[in-house]
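Form predicted on its own, single chain, as structure tokens, below.
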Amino acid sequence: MTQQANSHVFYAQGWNAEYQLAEHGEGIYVFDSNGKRYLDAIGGTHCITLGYGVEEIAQAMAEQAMKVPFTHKVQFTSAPQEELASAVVEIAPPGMNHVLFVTGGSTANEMAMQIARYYHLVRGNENKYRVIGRWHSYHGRTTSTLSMSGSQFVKREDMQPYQYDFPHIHAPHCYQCPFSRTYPECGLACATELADTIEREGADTISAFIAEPIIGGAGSAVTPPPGYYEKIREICDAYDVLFIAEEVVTGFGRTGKHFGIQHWDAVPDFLTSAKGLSSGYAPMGCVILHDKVTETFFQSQRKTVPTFVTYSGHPISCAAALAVQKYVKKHNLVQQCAERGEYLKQALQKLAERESLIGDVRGKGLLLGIEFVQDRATHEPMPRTLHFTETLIKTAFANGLITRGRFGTGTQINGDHILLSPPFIISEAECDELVDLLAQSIQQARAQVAI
């Protein structure tokens, strides 16, 4: 157990909190320094796909460290970077044939925004710089990515002096529809709102629209209805707006397909990802670019797009990610993720039948969300003053279950939900254990907040 008072680490997440020392991991479990075992139901934070302790990934990293640990991007590339780019393009949506490797999700989204700006500049559209985001989204911790984010959990107002004037539209949250409509009679109002916003803000100022195919931690697997992204693609094309599919969480198999956007018939202009790329074994992110973007640069007078960072394409990180992607392919883990996800979802739906606090179970693959309500008939959220999510997470951790949750639903700050994203290697028996621990924790949390 470590506290800020006896550590030189700045615990920015809470200096009055206590932190367990993670001793080692094995499979889907983490063990602390006292030997206590925790079932990691969020895969590190949605990044551990292979599980803990995969020796061949560590070996690949060590071998690359002995060869060349760093290369300067201006003079050199590396074999792992070149091979990894080919592996990523092989599974990417059609027409996406170039990859920029960066250090993580925030950096990937930041770089996509900047590259989009350069794309419009070389085409003579110098006023196009603003990015439209969605409420209940999270895209990173840089000032630009905070500007794009719309999470109720992140206090964007604290950084308001540094933020850009970026518009936001409602999330496609069917369970708590912000338009009080029902699919399909709604006519995809959550998608057509993008066109309304572009018209209102001025199409000549809008550079891009950014959206998570399935909303991750900030929305706990809010999943759009059929036709949503097809309509988004159509609107973006009509207004010369680039579509950034933000797949920091959903990318590289998490939803049971290589990328979350592949559940819809829509190809983005940029695809950003991070977590599953290296399974958390090394800091790594990427921006995958469509030919529409790269060919515009190749045919222009511009010779470079200065959006790289020092550790772009870091050889050890690339070696780790390459080994991870080979492992995923070798063991057919994307398909396994889809199958285990369906098993876990059905188990959670059975839990919902006997647990009245559960209003909605949603998501795809092993990216599953649970929304808690005080009235299932009306979908009435719990008041924020109860802090049910926080109580549940703390209780589950004490029970040896690592979970993560957020608050805010529809158009309000009220509402509690958690996200489950265990490693792809989870077995059916371990899914059952997860659900049993969660059921126990919900009952205990219910008693603590006196619902």
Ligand SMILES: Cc1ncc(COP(=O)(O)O)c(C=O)c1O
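Predicted model only: the values in this text are computed from it and were never measured. In case it trips you up, residue 1 is the first one in the sequence shown, and so on.
Same protein, other form: the form predicted together with the named molecule, not shown, and the subject of what follows.
- Although the partner is absent here, R134 sits far enough away that none of its heavy atoms falls within 4.5 Å of the named molecule in the model of the complex.
- Although the partner is absent here, K275 lies within 4.5 Å of the named molecule in the model of the complex, judged by heavy atoms.
- Contact between H139 and the named molecule in the model of the complex is found at the 4.5 Å heavy atom cutoff.
- At a distance threshold of 4.5 angstroms between non-hydrogen atoms, C318 is out of contact with the named molecule in the model of the complex.
- Remark: of stretches 160-168, 123-131, 241-249, 375-383, the one touching the named molecule in the model of the complex is 241-249 (heavy atom within 4.5 Å).
- Distance criterion of 4.5 Å from any heavy atom to the named molecule in the model of the complex singles out S106 from the list T294, S106, S312, Q114.
- The partner is not shown here, and in the model of the complex the stretch 416-437 never reaches within 4.5 angstroms of the named molecule through any heavy atom.
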